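As structure tokens, one chain now follows by itself in the form predicted on its own.
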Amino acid sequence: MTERVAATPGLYPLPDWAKGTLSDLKGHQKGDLLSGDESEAIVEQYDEVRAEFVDDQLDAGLDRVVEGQGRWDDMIAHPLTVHDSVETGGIVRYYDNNNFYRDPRVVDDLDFSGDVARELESAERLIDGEAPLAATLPGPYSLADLASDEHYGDEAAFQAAIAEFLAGEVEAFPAHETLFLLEPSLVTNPPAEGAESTATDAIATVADATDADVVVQTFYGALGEKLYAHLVDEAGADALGLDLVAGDRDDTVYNVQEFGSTDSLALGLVDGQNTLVEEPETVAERVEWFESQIPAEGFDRTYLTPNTELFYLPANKYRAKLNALAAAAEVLD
């Protein structure tokens, strides 16, 4: 029987009460965004934000609890933008939406940071054993795609270096049940023909750094057929995350029908960029529709997730979507 797990990859919207306070504490210019050496007053504000994120998830009844990534000013580019070997360049559009991040320009060797591990240690203390912890990182392909290489000089070498950096970060994480590796660039800017294994090798390097279940979460649409097959066979993931909200979901279903799947899957079922809140029954129907399209006997585990990060939403809508995911898992039980 397939286990249904309600979870999210995090990147939640800041609560309204925190926006003004943090803006005043950090300043209002590009150079005033988080750099990893924030003051005690800023740390205290983010501690309160993190505690609220954890409470939101526990109240909703999610099966995995993430840190929430309130500090990530630069979305999934964050692990690089706070790194000592990285200089921040101009403002760049974050995929095809109205959010922006600072271009991380890698100018020296990427060694251990520990920034994300410290966030997770704080979250672990807040959760206090009430639910399993899930960790979130950018996948190495997407992080390399979002950054500028001014040190390694070769695309494959840069992806490998990013992967080794992320693997080192994972090794410092506290015990976690699941690791979400966010890989939107696999859809929006996929590897060139013949370069798929470079990307999957990089993902496998990070996946090998943890004993937790690894979910390679793709979003913004369907994967190309050849790349999908490479990911299933080579990435070392326990689950591949698939966007079922995007209009080309029939292509996603075709990929699974034609090329098989990982032992588990993560389904993007609620729209992370639309304030319309899905009913739990609707979410459950989407799971059942997807599974009815697949001739196999089922999966070890199906993660019920949003199709993207949730920071695009107002705080009340993000909480409503957490509740919908958790309730949908109960409907399916």
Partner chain sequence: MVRNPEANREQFRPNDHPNDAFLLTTVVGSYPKPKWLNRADELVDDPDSKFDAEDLEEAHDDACRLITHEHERAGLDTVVDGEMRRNEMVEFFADRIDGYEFNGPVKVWGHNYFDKPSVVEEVTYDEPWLVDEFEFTSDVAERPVKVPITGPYTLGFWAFNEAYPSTEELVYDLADLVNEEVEKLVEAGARYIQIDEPALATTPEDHAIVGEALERIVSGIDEDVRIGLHVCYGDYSRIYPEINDYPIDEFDVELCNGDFEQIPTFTDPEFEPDLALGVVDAHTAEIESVEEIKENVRQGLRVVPPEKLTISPDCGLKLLPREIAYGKTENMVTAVREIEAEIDSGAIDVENPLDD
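Because the structure is predicted, anything quoted here is derived from the model rather than measured. Residue numbers count along the first chain shown, from 1.
Absent from the display: the form predicted together with the partner chain. The rest refers to it.
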Task: 58, 122 and 219 all contacting the partner chain in the model of the complex, non-hydrogen atom within 4.5 Å - done: no
Open item on the list: Only one of 298 to 306, 49 to 57, 260 to 268, 273 to 281 has heavy atoms within 4.5 Å of the partner chain in the model of the complex; I'd like to know which.
Closed with: 273 to 281
Task: 4.5 Å heavy atom contact, residue 75 and the partner chain in the model of the complex - done: yes
Task: Heavy atom of residue 286 within 4.5 Å of the partner chain in the model of the complex - done: no
- [ ] Although the partner chain is absent from this view, report whether residue 36 comes within 4.5 Å of it in the model of the complex, heavy atoms only.
- [x] no
Open item on the list: Can you tell me whether residue 157 touches the partner chain? I mean in the model of the complex, with a 4.5 angstroms heavy atom cut-off.
Closed with: no
Open item on the list: Going through 1 to 23, which residues have a heavy atom within 4.5 Å of the partner chain in the model of the complex? Please give them in sequence order.
Closed with: 14, 16, 19, 22, 23
